[in-house]
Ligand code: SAH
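What follows is one chain in structure tokens, specifically the form predicted alone.
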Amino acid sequence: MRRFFLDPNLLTEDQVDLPGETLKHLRVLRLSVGDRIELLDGSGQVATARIEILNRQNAQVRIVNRRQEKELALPVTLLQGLPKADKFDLILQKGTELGIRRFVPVLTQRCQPDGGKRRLDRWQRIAREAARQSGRFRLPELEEPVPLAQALAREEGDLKLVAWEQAITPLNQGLANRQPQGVVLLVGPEGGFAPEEVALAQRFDYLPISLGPRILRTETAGFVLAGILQYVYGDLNRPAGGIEPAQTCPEQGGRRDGP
């Protein structure tokens, strides 16, 4: 069933006029009156809806049931040194697919901050599309770029890791005997972190870890870390559809298990 993220305010009624962007998707997908789609509010609520009107100008649906879904991915926050050009687009897209819950672009000594805030709307669209395509029930949180010191001071997690090419602790040792409920990852921009930035991170309980003998690009390091963490602690080691059963209120009663 096709799914689309909507403004939560649009899902408060049983009859919904869909916005123009969603209308375009319905027409491209050649959906018709009577077809069913899923509408998501980005926080886990999923509404199954039946298309009642669909033409060039309008799309209207009626919600037939609602349910609340829970993601089993490990809550991961990525503090990403803002890279050059559009590399953050890729980081955001693939990180969303890997289940990262929160993205915070950070400004460091060696980053390229130009245009970061101006691109926030674009980043939100990329995250929404990546979440829709990858079957996520929640939209990741996305913040405007902030200075590194500010990000370090406010982020909380029972495991905090900073990827650093000069670290002597390999990742497997950093994860040994841990069962984190949430992880904060700190990844530098092109050129990495200055030593004093790593020292600052350590004062906020970040553990410098090595990702092996090869130097990974800034857009690669976060993927590697997120993938390993989701396999060890999250949902990448589960079969497809490995979502906890959700209670439903359908037209004729019953339950629905999985996505």
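Residues carry their position along the shown sequence, with the first being 1. From a predicted model like this one, the values you see are computed outputs, not experimental measurements.
Heads up, the form predicted together with S-adenosyl-L-homocysteine (SAH) isn't pictured, but that's what we're talking about next.
Heavy atoms within 4.5 Å of S-adenosyl-L-homocysteine (SAH) in the predicted bound form are found in one stretch of 226-234, 39-47, 54-62, 213-221, which is 213-221. Although the partner is absent here, E190 sits close enough that one of its heavy atoms falls within 4.5 Å of S-adenosyl-L-homocysteine (SAH) in the predicted bound form. F88 falls outside the set of residues with a heavy atom inside 4.5 Å of S-adenosyl-L-homocysteine (SAH) in the predicted bound form. S-adenosyl-L-homocysteine (SAH) is not drawn, but in the predicted bound form it has no heavy atom within 4.5 Å of L175. Although the partner is absent here, E143 lies well away from S-adenosyl-L-homocysteine (SAH) in the predicted bound form, with no heavy atom inside 4.5 Å. When S-adenosyl-L-homocysteine (SAH) is considered in the predicted bound form, only one residue from L152, A163, L98, A131 comes within 4.5 Å through any heavy atom, namely A163.
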